[in-house]
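The structure tokens that follow cover one protein chain in two forms, given apart as structure 1 and structure 2.
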Structure 1
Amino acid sequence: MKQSASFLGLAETLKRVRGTRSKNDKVRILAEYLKPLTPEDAKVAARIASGRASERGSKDEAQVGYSTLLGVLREVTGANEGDVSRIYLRHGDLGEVAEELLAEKKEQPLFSEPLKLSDLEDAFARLRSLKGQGSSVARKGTVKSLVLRATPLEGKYVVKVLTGEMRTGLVSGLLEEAIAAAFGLSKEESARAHMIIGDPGDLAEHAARGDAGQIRIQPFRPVNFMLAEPMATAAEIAQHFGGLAYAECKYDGVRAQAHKSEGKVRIYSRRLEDVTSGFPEVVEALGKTSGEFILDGEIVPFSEGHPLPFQLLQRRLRRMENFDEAARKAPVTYFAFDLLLRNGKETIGLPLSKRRSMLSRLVQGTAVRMAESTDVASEEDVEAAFRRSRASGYEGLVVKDPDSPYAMGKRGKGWVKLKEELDTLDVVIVAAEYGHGKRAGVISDYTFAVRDGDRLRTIGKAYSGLTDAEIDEMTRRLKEITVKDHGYRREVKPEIVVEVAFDSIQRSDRHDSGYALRFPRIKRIRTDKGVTDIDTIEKVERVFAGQRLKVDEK
């Protein structure tokens, strides 16, 4: 049996990939590395190259927290917290920190053999299996055994994959191309197989075995979901389609793929994880349909003909309550809107109009509901459908081309979505944190507050919405007004006012205002306003009371 390949070879390959901006060179370098590997090693290497330590869709992740990794690095290298903080602020990447620190190891393993890809696979499998009492100590020990044996470069990529922060520029399409080039597939065959099989490691293993071209959609192997392209206005959407389109309510629930075969039903999330056990009433409803199928749809908290707040569904997903209590507070309905497989035959290439007709017949007479939809052909039609959806408590619209195929994993313009923010608040920044990766060295995560009498109460945190130039200027200003420097985080004088948009407000103990904003993003920096001009807790309470759906997280 051929011995597993060294991990150092992969680490050196990833370094070369990261060091070039040329997409063609990235593909060529990785393909040359993958080509001589066994199917088993190709699986491990491709998965690590994608930045994952676990199969996509795995319920158990091998990712390890920053605190564990920092603890291991300090033990192995003798670095103190100040050293680590200083190096991290320079790089903004824990993998880079590991490489620098591991050049000066203070501790060595008793027996040292070069790391092999199979060693990484075994360690990641062990990390996935650790549960319950004593698991944190065992987890740290497993990571430490890898780091002790690793060269500085290997240590860098061990840490990068465990934190999910690979950043080599190997996006999904380039990885597919590299696997295709290594094992004699066409780009189209590789892309299709990846969309069906979901995991780059599994794709590489099948490609190395020579059977990737025969992969087909089948029950209980979830495929990548089709996505909708965002558009800003009803006019833009109407112009884009230029004629008849389907406008479906955009539900605020859990996107879910439903599979049925031989009387069994399984449900998979957007991340391809099996979530069947959380929704027995959906399983029961789907079980009353006939034949074999794969459906795309949304699990929505729904009662007496109306949606309920999404936060109730989050509690259920997190198992914060027993099932009977959760089902009472957040009964759910499965809204189906597409059909991918029917009785062994793929339907993804059929036009949406045909798939919807087949789907309607399939769910008729069951508790599964078809997604609410209306035909639209003009800006006025789209705007009216959007307002009806919002008035019913939904997020907005997804508008679809009746002739569109189901494009697995693609965000094409066969489907587009229209949403609307709930409101905005003028808030003041009271704390901020350094970013990482591309935002290393700049302060890009901002905690903000509203007024409560003569006090400031935090209500959220945002890290999106500003340009690079605005972030650079914000970094300079925040450093100037820092009250207390904690290394990664700074408390600042409440001087910088920003306008923040959000989708909803919920009661929450996470912030001392007693509220939290959902999906906050910065709309603009309000240089024309000071801390006395920001919004108050009274406005927050009014918006909360007036929103269509609301929940008390506490």
Structure 2
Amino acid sequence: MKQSASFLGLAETLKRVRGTRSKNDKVRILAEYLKPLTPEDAKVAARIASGRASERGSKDEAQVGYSTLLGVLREVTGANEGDVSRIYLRHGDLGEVAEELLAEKKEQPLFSEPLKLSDLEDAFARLRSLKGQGSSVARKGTVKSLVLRATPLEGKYVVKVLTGEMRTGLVSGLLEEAIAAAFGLSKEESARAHMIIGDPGDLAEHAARGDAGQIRIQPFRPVNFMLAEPMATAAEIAQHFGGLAYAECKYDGVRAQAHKSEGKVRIYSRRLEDVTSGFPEVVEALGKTSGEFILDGEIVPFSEGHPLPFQLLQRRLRRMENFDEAARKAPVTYFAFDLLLRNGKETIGLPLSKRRSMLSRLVQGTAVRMAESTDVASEEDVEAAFRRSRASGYEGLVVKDPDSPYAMGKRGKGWVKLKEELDTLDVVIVAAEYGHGKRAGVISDYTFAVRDGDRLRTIGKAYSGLTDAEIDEMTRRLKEITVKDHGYRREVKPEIVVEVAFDSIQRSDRHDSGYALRFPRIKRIRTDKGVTDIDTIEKVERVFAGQRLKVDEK
């Protein structure tokens, strides 16, 4: 068998990719590197190039916390805490810190072979499998054995992939192109296969084997969800469709893709994680249907014909100790609205009208319900449907084009959404402080940021909206992801996403985005979203521009 390729080759490639701004050059450099690799190596390399140490959607992550990595770097290099924070402040990137520190490595292994791609894959697999008590020592040991063998450049990329902060500019489309160019696929074939298979590593492996063209949607391989474009008014929506459209209630629950084949049912979240065990009653309802399928829909806390507050679902999602009680308090119903696969045949290319009639036959006579829908053709129709949806306790509408295909992973114009309140923002927490008075001893003030290209920009601080139990849980998680502890204030790794509502946006010097939210309050913790899904500064500018009253604090 051919030996696995050296990791240094990949680290050097990623450095070159990072060093050029030209998209064509990024694609060419990565393609040249991938071309001679075996399918197994191509998988590892493409996955690392995408910034991940595990398969997309994998239940077990190989990611390692900042504090573990910092501990390893200090042990291996003999640096003290002061050195490390000085270097960190200079770069703001742990990978760069690793490279600088490793250039002066103190500890050396007795004998050390250069790292191979397969060594990384083995270490990642081990990190994914380590759980529970005592695992933190073993995790540290696994990371240390990699870092000890790494050159400074390799160390930098080991750390970058383990923190999920690659920043090479290799967005999904460029990776698809590079894989296509390396293994003789067309860009379209590569994009299509990627959309279905979801993971760039798996795509590269199939491409290198020569069978990426035959990839089809399959049960138990979750695919990316179709998303909706926001619109501000019923008039805009009516004009956009210019004729008949389906106005479905916008349910306030969790998005869920349900797969069934050979009598087995699995449910996947918006992040393509397997969440089957959290929803036994949905599994039971889906078990009563016939044949094989993949459905898209929303799991909604629902009882006696009415939706229940979303917050009741949070406990279930977090799989609290008393799951049965949480499930009793928040019974759920699965509202299905789309069909992607039926009895071995892909249905995503069929018009929505056809998919819906197949779906309705499929769920008939079971506890799975079709999303409520009204035909609309004018502004008045959209408005009436919106009011009806709100009166029934839903968030608004998702209006859909009857002729549209199911566009996996796309926020297209086939689906548009209408909500009542001023938009909310999905933001990530970057720093946090201890509270006062009743909230002394818990971390209850959160500074959050939006995305500006590769960077995060702060835009506000919120200290209301969460329950005491949620604040306790937040305190625990924030301590875990602390990067720098200033006593009363902590900088944290940006990974907790929250949805904030606010009264308005004003220009302000208080935050580095140049804007501040007025009266921000946390609507919910978005466990279904990661830092790449948060809202952008462009959206903030759009909302600001659309406000009637513009306040400029400056």
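Predicted, not measured: the structure shown is a model, and the values here were computed from it. Sequence positions of structure 1, starting at 1, serve as the residue numbers. Under this definition, the rigid core comprises the largest set of C-alpha atoms superposing within 1.5 Å between the forms.
Quick one: identify the form predicted together with ligand ATP, either 1 or 2.
The chain shown as structure 2 is the form predicted together with ligand ATP.
Relative to the superposed rigid core, does the CA atom of D296 travel 2 Å or more between structure 1 and structure 2?
Shift at D296: below 2 Å after core fit.
Using the core for the fit, does the CA position of G51 change by 2 Å or more between structure 1 and structure 2?
After core superposition, the displacement of the G51 C-alpha between structure 1 and structure 2 stays below 2 Å, so no.
Fitting the rigid core first, would the Cα of K140 be found 2 Å or more away between structure 1 and structure 2?
No; that C-alpha moves by less than 2 Å between structure 1 and structure 2.
Core-aligned, what's the Cα displacement of Y515 between structure 1 and structure 2 in Å?
Once the two forms are fitted on their core, the shift reads 23.5 Å.
Would you look up how far the C-alpha of E383 moves between structure 1 and structure 2 when the rigid core is overlaid, in angstrom?
Superposing on the rigid core gives a C-alpha shift of 4.0 Å for E383.
Per-residue C-alpha deviation between structure 1 and structure 2 [D252; rigid core superposition; Å]
After core superposition, the C-alpha of D252 moves 2.5 Å between structure 1 and structure 2.
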